[in-house]
Ligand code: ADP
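The chain below stands alone, shown as structure tokens; this is the form predicted alone.
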Amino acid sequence: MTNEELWKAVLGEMELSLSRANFITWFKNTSILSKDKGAVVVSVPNGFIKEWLENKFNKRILLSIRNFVPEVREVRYLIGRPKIELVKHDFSSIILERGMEDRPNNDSDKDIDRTTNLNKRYNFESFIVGSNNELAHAACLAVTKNLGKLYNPLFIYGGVGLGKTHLLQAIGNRILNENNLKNILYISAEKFTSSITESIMNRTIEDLKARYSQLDLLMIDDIQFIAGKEKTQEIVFSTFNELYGKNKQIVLSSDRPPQAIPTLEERLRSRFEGGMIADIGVPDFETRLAILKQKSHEKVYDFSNETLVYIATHIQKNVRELEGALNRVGAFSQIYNRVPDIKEVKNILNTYLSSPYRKTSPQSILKSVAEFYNISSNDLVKRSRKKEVVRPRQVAMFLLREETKLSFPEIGQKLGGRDHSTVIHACEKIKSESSIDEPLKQELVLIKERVYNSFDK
């Protein structure tokens, strides 16, 4: 196994467990310089990244390397020019399709339209429809046939890696293919915010607003990130009104429904809820298997049905993890130039599937709840009865009970010395409501993800 092949495999594993921004920030322009006497030397572009990898990711990188080369006992980091670039590994298409800045020139970059930010590879034909996403898929298709007239705005929400970005960009690509004169823009909320900040600094904010107002179709991904950003919300509001008044189409995506986005101005919340809202849930087994079969066909993997069934059975969280597991098996197949049998597949995915249980702490739960609802941890402890604090406090009580098994009196003490009967009421209330309230159920899932992802930071 060459150094380049080894590092491709490691990058593949790291990409599965990190956010898109973190992966690119910390692993772009890295490579393995040498592998000798149980030590691997990794090239990094600067001292900042060197320090971060040493302090934050070293253990995970070492474990990943040892999955392929068990005799390795140490990883060292050296500032220097890399031999290979991040975008050349098997997961480059995933990076490029996310519209990140400072993308190097390579063949995959041709898939990105610089004017619209659309990736040509996202289309309705390659989107697998199942019971978890059929409403969202149908709504997106309907929008392409009645731009600005039927569902406006269209608001798609769901958890990470379930296909929101795919559907948004599929709308844009379908419209662009039918009429290339349409003025279309796909943009992430983070990039939208950055463009506003830059325009304010350059005193060109009016020019920016004028450009947005000329669009026929505006798609903003991860709109929840504008929460708490007053100037961004102001521009979104004015742009929304301008486009809506002209019957121009607006499509938004979020990891939660409008009413669950904290510190979102009420006037924006009202407009987001004024059109069509469709959710995307976790795919069922049949949908997961269909996705794997399509991805295998696209990548020309010759895996047995038993292998695909095994992956579909054990990877249930989201589409991104499904593809990541498939790519991991594919990397083995390419490196050793043969198709692994089911026993080897189980070994390849063993580390990924058998993550050790990680006990959380009350502090981590309180911090994650506060961050999710955009309040301070102190707000959870205070005696405030404000609506924006009461619900998060009840959620915190429920999660403390579920995840740490603290007693009701102990939870009451953690939250400002409240009576145990108050805690019992909160836990029963959240448990009961989450069984019928899908948005609340998704909020709990997202908060738990924050809690357990905090172990990796």
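Note that residue numbering begins at 1 and tracks the sequence as displayed. Here the structure is a predicted model, which is why all the values come from computation and not from measurement.
There is another form of the same protein, the form predicted in complex with this ligand; it is not shown, and what comes next is about it.
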Would this ligand in the model of the complex be within 4.5 angstroms of a non-hydrogen atom of every residue among 163, 166 and 291? yes
Is residue 319 close enough to touch this ligand in the model of the complex, meaning at least one heavy atom pair within 4.5 Å? yes
Against this ligand in the model of the complex, would residue 121 count as a contact residue? Criterion: heavy atoms within 4.5 Å. yes
Is there a heavy atom of residue 80 lying 4.5 Å or less from a heavy atom of this ligand in the model of the complex? no
Hey, in the model of the complex, does residue 159 get a heavy atom within 4.5 angstroms of this ligand? yes
Position in contact with this ligand when the complex is considered in the model of the complex, options 328, 295, 271, 248, heavy atoms within 4.5 Å: 295
Checking 220, 260, 217, 128 against this ligand in the model of the complex, the residue with a non-hydrogen atom inside 4.5 angstroms turns out to be 128
Of the listed stretches (226-234, 382-390, 263-271, 319-327), which one has a non-hydrogen atom within 4.5 Å of this ligand in the model of the complex? 319-327
